[in-house]
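One chain is shown next in structure tokens, namely the form predicted alone.
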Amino acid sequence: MQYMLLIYDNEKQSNSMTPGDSKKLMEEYYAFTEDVKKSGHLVAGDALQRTETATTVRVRDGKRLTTDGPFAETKEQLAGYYLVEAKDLDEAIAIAARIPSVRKGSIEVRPIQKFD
């Protein structure tokens, strides 16, 4: 079964990291990504650009509306994702618990809905 591991992080904290701490975190991410690739769990994954690059789209009364930035103000922002193949939720949670940002942010684990 496939699971989406959504990585939520506090952008303000990330922006205030020293270059050395930022480099160390990225090295941890590279190592984690290589590990899930080698184990066969990785389907896809990417980091996202900062929320100031986001555009929110809505259609109301047939009119398209766009707004710069994310829809809601939150303490943690969606920073990236991994799509993994896992035998069950427990295995997906175990993978999510190894994502480096889990120590400061949170990882939302959601099963992928399959349609016939």
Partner chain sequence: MVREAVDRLYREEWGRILATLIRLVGDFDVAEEAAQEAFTLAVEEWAARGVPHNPRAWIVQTARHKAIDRLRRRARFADKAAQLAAEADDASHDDAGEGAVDGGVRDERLRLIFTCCHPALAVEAQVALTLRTLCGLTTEEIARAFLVPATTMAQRLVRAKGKIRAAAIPYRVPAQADWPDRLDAVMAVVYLVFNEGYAAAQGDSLVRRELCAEAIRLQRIIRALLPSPLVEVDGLLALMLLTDARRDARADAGGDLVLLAEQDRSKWDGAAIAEGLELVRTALGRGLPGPYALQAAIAALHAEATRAEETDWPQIVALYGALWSQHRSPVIALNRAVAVAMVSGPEVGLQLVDVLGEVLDGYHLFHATRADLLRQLDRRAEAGEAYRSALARAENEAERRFISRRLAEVGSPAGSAPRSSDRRPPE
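Numbering follows the first chain given and starts at 1. All values derive from a computational prediction rather than experimental measurement.
Another form exists, predicted in complex with its partner chain; not displayed. Remarks below refer to it.
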Since exactly one of K75, K87, K38, R64 fits, which has a heavy atom within 4.5 Å of its partner chain in the predicted bound form? K87
Can you pick out, from L25, I93, V102, M17, the residue that has a heavy atom within 4.5 Å of its partner chain in the predicted bound form? I93
Please run the contact check for M1 against its partner chain in the predicted bound form: heavy atoms, 4.5 angstroms, yes or no? yes
